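Have a look below at one chain only, the form predicted on its own, in structure tokens format.
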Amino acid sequence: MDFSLPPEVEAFRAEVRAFLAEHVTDEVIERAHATGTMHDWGLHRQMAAEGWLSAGWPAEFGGQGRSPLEMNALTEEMYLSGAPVDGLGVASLVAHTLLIDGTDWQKRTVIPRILSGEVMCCLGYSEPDAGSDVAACATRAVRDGDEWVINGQKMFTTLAHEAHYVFLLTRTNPDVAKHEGLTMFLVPMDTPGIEITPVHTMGGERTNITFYTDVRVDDRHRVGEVDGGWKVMMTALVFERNSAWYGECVRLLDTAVAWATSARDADGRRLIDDPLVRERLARAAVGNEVANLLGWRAAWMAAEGQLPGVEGTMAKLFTTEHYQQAADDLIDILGPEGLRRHGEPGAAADGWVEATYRHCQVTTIYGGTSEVCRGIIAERGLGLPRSRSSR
């Protein structure tokens, strides 16, 4: 079997890598780390100018018609570079969902502004009392003529303080099954009645609580049918669930290898010569290779015209759980100095392994928890019956 990529994919990867080497500076990375905002407007707009926000889109939408393999190479290189690209992922997710479920007005007006890098979006799914069960949404939207009045609260609205729109899940019918009474809206963030409160997470990222008090929004901002929000959510999840964290796993390992090569034990021996340290590094490397192959398998299936719903879920599940295990293993080999944070004197590996250890904990929640992913693999991939607890 030939696992090499086509020449055009490697050529595009080289182009992306050169661009990122120039534009993802230490200043960009440090600013994202200090603020917790994993988005940089300068980088975002430079990528838009290169046409990479819409690179995978057909030419009729102003895209470059890049293949899924090329887009996977783009995503992989962005994460390998350490670029703060949360905004890019959300922008792509919302734009693709609008292309499938949006109105003609949304496709003509909103999608071009997203792909040009002019506007940013955030996701308004989770709520304080619902956790990962987004179908338990209690934020209400009540129709009033040609408008809707929205009241409620959302948790973990990452990038709300940078965004121009929130992709907002609401409850429009409380008298039916919870999955059936939901409606999605694309609400402008400058609408009166929206408040934003920052939340700084254990992983160092800034997210937000958003409050909606008598927020009035025109019906043209509704996405999909009334009470059809769950269908729109399922469309969006196809574009959210991926194995992009493979690049972060590689950076984690590279950082640990560089540290172990230069660090010495009490007897002056290099730590990388310790068999137990080498074993942990090797285990991380093997897991990275598996994650890489799973991600490329999903990309290859998409390039062949298949929908890799199960395979993409498998890649996401394995990659994020391996990421956590690798971080757990590698912070151990750093010893007590490994607990010092980036910027503190004496921090092992300049504190980047410690920062990664905190950050990786949430990756098994993003895009569907590991439990949800296992359910999808079991039911859709293996054909097993649904458990009673998931009914």
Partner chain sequence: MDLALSGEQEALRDTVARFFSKVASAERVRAAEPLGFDAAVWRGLADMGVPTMAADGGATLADVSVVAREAGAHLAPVPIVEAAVTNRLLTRCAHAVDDTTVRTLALRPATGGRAALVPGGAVAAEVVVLGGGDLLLVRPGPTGERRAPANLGSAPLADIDITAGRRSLLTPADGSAVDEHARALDEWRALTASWLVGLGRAALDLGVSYVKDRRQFGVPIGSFQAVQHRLADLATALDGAALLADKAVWTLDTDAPGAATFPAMAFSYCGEAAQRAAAASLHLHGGYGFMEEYDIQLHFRRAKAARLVLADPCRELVGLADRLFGPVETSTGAGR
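Numbering follows the first chain given and starts at 1. Quick caveat, the model's predicted, so the values are computed rather than measured.
Below: the form predicted in complex with its partner chain, not depicted.
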4.5 Å heavy atom contact, S54 and its partner chain in the model of the complex
no
Does A11 reach its partner chain in the model of the complex, with heavy atoms at most 4.5 Å apart?
no
Give a yes or no for A21: in the model of the complex, does one of its heavy atoms lie within 4.5 Å of a heavy atom belonging to its partner chain?
no
So in the model of the complex, does any heavy atom of R113 sit within 4.5 Å of its partner chain?
no
For the three residues E15, V119 and E195, which mark the spot I'm curious about, does each lie within 4.5 Å of its partner chain in the model of the complex through at least one heavy atom?
no
Checking L317, L98, M189, A236 against its partner chain in the model of the complex, the residue with a non-hydrogen atom inside 4.5 angstroms turns out to be L317
Among Y165, W148, Y212, W296, which has any heavy atom within 4.5 Å of its partner chain in the model of the complex?
W296
Look at the stretches 28 to 36, 45 to 53, 58 to 66, 321 to 329 and give the one with heavy atoms within 4.5 Å of its partner chain in the model of the complex.
321 to 329
Would you mind checking 352 to 381 for residues with a heavy atom within 4.5 Å of its partner chain in the model of the complex?
E354, Y357, R358, Q361, V362, T364, I365, E371, R374, G375, I377, A378, E379
